[in-house]
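Read the single chain below, which is given as structure tokens and is the form predicted alone.
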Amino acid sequence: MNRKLISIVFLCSFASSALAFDLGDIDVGKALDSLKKAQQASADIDESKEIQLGGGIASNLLGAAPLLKNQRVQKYVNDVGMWLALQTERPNLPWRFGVLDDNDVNAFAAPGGYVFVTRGLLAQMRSEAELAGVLAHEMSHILRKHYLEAIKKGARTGLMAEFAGEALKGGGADPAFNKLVSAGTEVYARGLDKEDEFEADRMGVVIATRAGYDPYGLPTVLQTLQGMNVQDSSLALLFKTHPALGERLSLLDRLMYGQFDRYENQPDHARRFMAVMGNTGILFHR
């Protein structure tokens, strides 16, 4: 045995001895179990679990606000969303898009491909490019797993580890799974990190542009919301959970300046949008 190896063996023996004698009252087995759970909780959630968790959260969102009972509008929003999905790196997710029958101005995404826009937000739009910009923003949260990461941060480590480690197999019948879904749903009241929202804005513009839409659809919606009365209660949750509209528009302006000029003549499909929405009574009259 050479000198270097002898030194390593000595140091390892010393470290083992130190661990053996200096741990005091620490329960080594419990500590190792906690470490294992922390490692599992920080591990990636595979796609099937992402979809399972997202389905539970989507059910909760639908429990708070049902789908709008207008099949034509629902199909139209789904068609636009599915076209956008084909332009992303995850086209094979089971994407689902829906309009919630809710006067609040907002949109939501849940892990696994669930995207909702409220009737109140749809009422403020005037073109398909605007709808595409909003849907693409929400899809970006799913593509970058923003909600999934927020849920992992907020949920109890043990609960997330059980979910990642195959311990929760009962789906909606499993109380622990339901706790995780509840923890995930709470994220919607807190909102995501500002940087997540800014990233979703940037990606939303790129996805909508790639899909052939006027790239200024999302900025136009943000400008419309900026022009609304800040005291309007329908905006309360949106303002609470998102960065200031002026900041978002300023960052998009810097991103898009000189970079999207060649795409500005792409269609906004306002006529197609109005043909579907015009007689529904959804649109807000300005």
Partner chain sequence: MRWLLAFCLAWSVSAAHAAEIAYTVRPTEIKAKPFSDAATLSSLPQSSRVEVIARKSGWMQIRSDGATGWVRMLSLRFGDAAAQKKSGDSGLGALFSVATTGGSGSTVSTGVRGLSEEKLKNPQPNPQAMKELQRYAASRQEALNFGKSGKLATHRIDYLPPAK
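Numbering follows the first chain given and starts at 1. Here the structure is a predicted model, which means the values were calculated and not measured.
The protein also exists as the form predicted together with the partner chain; that form is not presented, and the subsequent description refers to it.
If you check Asp102, Glu149, Asp174, Asp196 against the partner chain in the predicted complex, which one has a heavy atom within 4.5 Å?
-> When the partner chain is considered in the predicted complex, the option within 4.5 Å is Asp102.
Contact between Glu47 and the partner chain in the predicted complex at 4.5 Å, heavy atoms?
-> No, Glu47 sits far enough from the partner chain in the predicted complex that none of its heavy atoms falls within 4.5 Å.
Taking 4.5 angstroms as the cut-off for heavy atoms, does Gly98 touch the partner chain in the predicted complex?
-> Gly98: yes, in contact with the partner chain in the predicted complex.
Non-hydrogen atom contact Gly278 with the partner chain in the predicted complex at 4.5 angstroms | No.
Answer for Phe239 alone: is it within 4.5 Å of the partner chain in the predicted complex, judged on heavy atom distances?
-> Although the partner chain is absent here, Phe239 would stay clear of it in the predicted complex, with no heavy atoms inside 4.5 Å.
Pull the contact list for 220-234: residues with a heavy atom within 4.5 Å of the partner chain in the predicted complex, in sequence order.
-> If the 4.5 Å heavy-atom criterion is applied to the partner chain in the predicted complex, 220-234 yields Thr220, Gln223, Thr224, Gln226, Gly227, Met228, Asn229, Val230, Gln231, Asp232, Ser233, Ser234.
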